[in-house]
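As a starting point, one isolated chain is supplied in structure tokens, in the form predicted alone.
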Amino acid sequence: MSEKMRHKKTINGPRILLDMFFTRIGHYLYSYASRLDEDAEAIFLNYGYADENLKLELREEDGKNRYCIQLYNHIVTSLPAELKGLDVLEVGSGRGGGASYIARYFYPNSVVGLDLCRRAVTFCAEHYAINGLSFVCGNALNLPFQSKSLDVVVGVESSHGYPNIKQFFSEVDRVLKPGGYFLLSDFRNKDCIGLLREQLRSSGLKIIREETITPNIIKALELDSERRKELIERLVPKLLHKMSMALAGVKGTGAHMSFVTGKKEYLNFVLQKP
């Protein structure tokens, strides 16, 4: 191993482990709050996306989640093909808001939301009644699907916490049909972005689009900050407010400021299986 690679491993290893730790804490807090969310208000966890030129028409019931939905819209419309008639998997589907939006607005043949949290999957199965939409409990590192069975795999803000990202990318490659697409939208520390590109290139998938959307994420967090804060104050015990607001990216917290200062970047990738 070269001196450069040793240095890279040294700076990335502890940081990746720390990110994984906070991801686990975040999932616990989200799961806890969800149990108290009788009106199903917390169905999205992502940071959101804002663009002053975007005039996205939404159904009345979706308006309160506009910024979170706009991230999914941006991801899906980055695809150089229509989702209509295709079989789609979302890995890390949480409380199902994103999978529901894709199923209702883009008319795929099927959408499956996969999540490791059984409580989240049970909630989704009971809450959503949409043709072609289903949810399963499963591990991103061992996807419970046949090889070459899916047209599109979507991953939004969950890959940064996986213990073996190369295994996840390998699984995505396995389940995609030839010509299928992988839509990955997530954040990384700025000095880890090169490593992410290397991991993606070694997966067997071809990067056909890469964009940095950090300014759009910052704007969404700021515009949506009061709503997130109000939800946390209602659904989360007071003792956990500060940590929950940080994990939700409320304006002025560490998560929000990490994007503002450039410590973290948010990227959107479109990859295709040859």
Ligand SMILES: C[S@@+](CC[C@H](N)C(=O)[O-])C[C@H]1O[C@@H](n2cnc3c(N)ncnc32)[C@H](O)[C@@H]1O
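As the structure is a prediction and not an experimental result, all values here were calculated from the model. Numbers for residues come from their place in the sequence shown, where the first is 1.
Here the subject shifts to the form predicted in complex with the ligand, a form of this protein not shown in this document.
Visitor: Looking at the partner-bound form in the predicted complex, is residue 108 within 4.5 Å of the ligand by any heavy atom?
Guide: Contact check for residue 108: no, nothing within 4.5 Å of the ligand in the predicted complex.
Visitor: Although the ligand is absent from this view, report whether residue 93 comes within 4.5 Å of it in the predicted complex, heavy atoms only.
Guide: It does: once the ligand is placed as it appears in the predicted complex, residue 93 has a heavy atom within 4.5 Å of it.
Visitor: Evaluate residue 67 for contact with the ligand in the predicted complex, applying a 4.5 angstroms cut-off between non-hydrogen atoms, and reply yes or no.
Guide: Although the ligand is absent here, residue 67 would stay clear of it in the predicted complex, with no heavy atoms inside 4.5 Å.
Visitor: Would you classify residue 45 as touching the ligand in the predicted complex, given a 4.5 Å non-hydrogen atom cut-off?
Guide: It does: once the ligand is placed as it appears in the predicted complex, residue 45 has a heavy atom within 4.5 Å of it.
Visitor: State the residue from 89, 176, 156, 102 whose non-hydrogen atoms include one within 4.5 Å of the ligand in the predicted complex.
Guide: Selected residue: 156.
Visitor: In the predicted complex, which of the listed residues (152, 75, 172, 114) lies with a heavy atom within 4.5 Å of the ligand?
Guide: Selected option: 114.
Visitor: Within 4.5 Å of the ligand in the predicted complex, counting heavy atoms only, one of 122-130, 139-147, 198-206, 79-87 shows up; tell me which.
Guide: Careful reading of the contacts points to 139-147.
Visitor: Are there residues in 162-198 with a heavy atom within 4.5 Å of the ligand in the predicted complex, and which are they, in order?
Guide: Only 162 sits within 4.5 Å of the partner.
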